[in-house]
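Here we start with a single chain on its own, the form predicted alone, put down as structure tokens.
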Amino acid sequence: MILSSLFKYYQADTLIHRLDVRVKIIFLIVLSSACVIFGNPGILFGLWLVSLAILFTARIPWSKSKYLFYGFVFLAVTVGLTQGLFYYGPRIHLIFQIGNFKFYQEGLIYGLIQSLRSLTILTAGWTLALTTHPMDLLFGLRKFKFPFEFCFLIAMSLRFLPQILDHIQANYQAQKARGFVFSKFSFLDKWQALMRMLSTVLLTSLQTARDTALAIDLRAFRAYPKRTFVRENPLRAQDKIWMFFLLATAVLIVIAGIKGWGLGPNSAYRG
């Protein structure tokens, strides 16, 4: 599978695709805020399930989403093990010990909390990128009164990242076509080949950026302080309903954070 397709906009006719980009951005902000405020593993697991439900509703094909799930497993295992070994908070319950390395329950729970936070935000952000065309994202950010230059930068980043991944894969395939099989060579040869590949990718990316900059200048980018757009994209009734629901949820999350309610980042260790 081409690497760039993992981050490219996936066109489909689903509820998530039809939602206004402003609703999706607010959802991502609300969900990220909830991940920061809440520290209970059960609640964070529920938030992750919500982000997964949104992903499945968008009907993203398994050929794309499977790599995300591989990343889930790697992140959860890596963070859980490292925090279990190197956690510097209160350590009481020892699970096992190998030599001088001690694995504590408190570190494992803390690693689980951080993994769930990262996985939830990663899933929601990835869903936003796959279900929103870069130009729609530009228009949506502009509706939030962000500077046009900032909006354009975000949209172009989503466009150029897949191209960079394509360059990396093309160079790798070129190396294989020349008979260079990475598994059959020493570490030094692999490192030298990797440096040559990265140099080629860097030069290609710089040339693409230069061509894009010239095209932008030819179209009089920033010639006028205010820009107009052909599409205004007004909020529809269903978008307003979803936005009201998300804002109400954000208020409840803030109240929960202010009141405490046992949902702070250390609530898992209390009692």
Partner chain sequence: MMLECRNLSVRYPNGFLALDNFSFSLAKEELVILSGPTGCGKSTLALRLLNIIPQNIPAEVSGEILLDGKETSGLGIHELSKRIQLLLQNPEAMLFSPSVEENVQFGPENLCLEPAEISRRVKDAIQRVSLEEKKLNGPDELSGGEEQRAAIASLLAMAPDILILDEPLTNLDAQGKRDLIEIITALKNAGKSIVVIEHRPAELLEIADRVVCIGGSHSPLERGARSVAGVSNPSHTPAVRISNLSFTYESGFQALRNINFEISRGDFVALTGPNGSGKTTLALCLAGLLSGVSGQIQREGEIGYVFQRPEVQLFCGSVREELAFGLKNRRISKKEIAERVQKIAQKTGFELLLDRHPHTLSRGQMKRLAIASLLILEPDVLILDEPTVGQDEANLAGLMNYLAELNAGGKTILMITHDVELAGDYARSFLKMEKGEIVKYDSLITV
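Numbering follows the first chain given and starts at 1. Please read all numbers here as calculations on a predicted model, not as lab measurements.
The next section is about a form of this same protein that is not shown, the form predicted in complex with its partner chain.
Annotated contact segment (heavy atom within 4.5 Å of its partner chain in the predicted bound form): 203-211, selected among 29-37, 203-211, 233-241, 46-54.
By the criterion of a heavy atom within 4.5 Å, residue 227 is counted among the residues contacting its partner chain in the predicted bound form. The closest non-hydrogen atom of residue 185 lies within 4.5 Å of its partner chain in the predicted bound form. Residue contact with its partner chain in the predicted bound form: residue 59 places no heavy atom within 4.5 Å of it.
Its partner chain in the predicted bound form comes within 4.5 Å of a heavy atom belonging to residue 167. Residue-level contacts in the predicted bound form: of 190, 133, 102, 91, one residue has a heavy atom within 4.5 Å of its partner chain, and it is 133. Between its partner chain and the residues 180, 144, 150, 86, the one pair within 4.5 Å by heavy atoms in the predicted bound form involves 180. Of the residues in 162-176, those that come within 4.5 Å of its partner chain in the predicted bound form through at least one heavy atom are, in sequence order, 163, 167, 170, 171, 173, 174, 175, 176.
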